[in-house]
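The chain that follows stands alone, in the form predicted alone, written as structure tokens.
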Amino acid sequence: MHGLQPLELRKVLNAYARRGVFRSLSETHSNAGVTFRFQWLWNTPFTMTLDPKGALIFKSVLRGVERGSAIESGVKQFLHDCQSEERVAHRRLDRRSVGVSYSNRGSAGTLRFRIKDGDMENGAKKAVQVVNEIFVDYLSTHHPSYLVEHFRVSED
């Protein structure tokens, strides 16, 4: 892992914390990389790890999502659409700079953002943007009961 990457990532996450987007931001280091923990959407704890290969991983970010479910299929399609040339440029994931993948083990969906061009600052911002859109746009619109059940979001 390049020495500057954790510093660039820390800078981005601290900026979100200063603006009040994230709360209780903390950082730990291990052989698995640098892990940041914070309270975010609906005051829910989130974990983002910068692994030694430079990927940003939101492990088990979609708890309770079964393999082959409509939610899983929809999230995969949403991620595909995020990379579409038809998407507005400032909201698009450019495949040349940031790749995204979804995996699901034991009904806990994990998102992995691979920063391809070394621009951790931009990659981190794009990763946070996409995760936010998954919850606030896609899940809120298409699967609100999932948010009620797993994130204690009000049904109103």
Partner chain sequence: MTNDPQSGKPKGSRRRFLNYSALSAAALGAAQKATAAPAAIRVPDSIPNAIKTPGTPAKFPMRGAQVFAKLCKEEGLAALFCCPGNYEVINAICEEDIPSYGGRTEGSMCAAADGFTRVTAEISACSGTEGPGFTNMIMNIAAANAARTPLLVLASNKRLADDDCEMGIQTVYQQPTTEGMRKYGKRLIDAKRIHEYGAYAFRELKSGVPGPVHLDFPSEISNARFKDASELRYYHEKEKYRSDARPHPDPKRIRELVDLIQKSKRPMIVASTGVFYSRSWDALRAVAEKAEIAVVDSGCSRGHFSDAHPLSASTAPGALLSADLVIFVGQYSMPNTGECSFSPEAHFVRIDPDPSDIGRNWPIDLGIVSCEKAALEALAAALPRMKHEAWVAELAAARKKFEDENAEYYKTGLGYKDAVHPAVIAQELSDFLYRGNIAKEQTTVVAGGYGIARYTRRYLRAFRPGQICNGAYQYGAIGPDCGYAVGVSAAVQLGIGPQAPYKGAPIVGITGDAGFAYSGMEIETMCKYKMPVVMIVYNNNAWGIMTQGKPVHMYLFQENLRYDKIGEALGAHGEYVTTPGEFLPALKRSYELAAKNRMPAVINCQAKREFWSSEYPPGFLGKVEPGCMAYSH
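Positions refer to the first chain, counted from 1. As the structure is a computational prediction, the values presented were derived from the model and not from experiment.
Note that the form predicted together with its partner chain isn't included here; everything after this is about it.
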Review point. Closest heavy atom of F58 to its partner chain in the model of the complex, within 4.5 Å or not?
Key: no
Review point. Does F38 reach its partner chain in the model of the complex if we count a contact as any heavy atom within 4.5 Å?
Key: no
Check your understanding: Counting only non-hydrogen atoms and a 4.5 angstroms cut-off, does R95 reach its partner chain in the model of the complex?
Key -> no
Check your understanding: Can any non-hydrogen atom of R23 be found within 4.5 angstroms of its partner chain in the model of the complex?
Key -> yes
Study note, to complete from the structure: Checking H29, R63, R105, R91 against its partner chain in the model of the complex, the residue with a non-hydrogen atom inside 4.5 angstroms turns out to be R91
Practice item. Indicate whether the candidate residues E8, N14 and K116 are all in contact with its partner chain in the model of the complex, with contact defined as any heavy atom within 4.5 Å. Key: no
Point to revise | Region of this chain that lies against its partner chain in the model of the complex, out of 97-105, 126-134, 50-58, 30-38 [heavy atom, 4.5 Å] | key: 126-134
**Study point:** Residues within 4.5 Å of its partner chain in the model of the complex, restricted to 129-154 and counted by heavy atom
**Key:** Q129, N132, E133, V136, D137, S140, T141, H142, P144, S145, V148
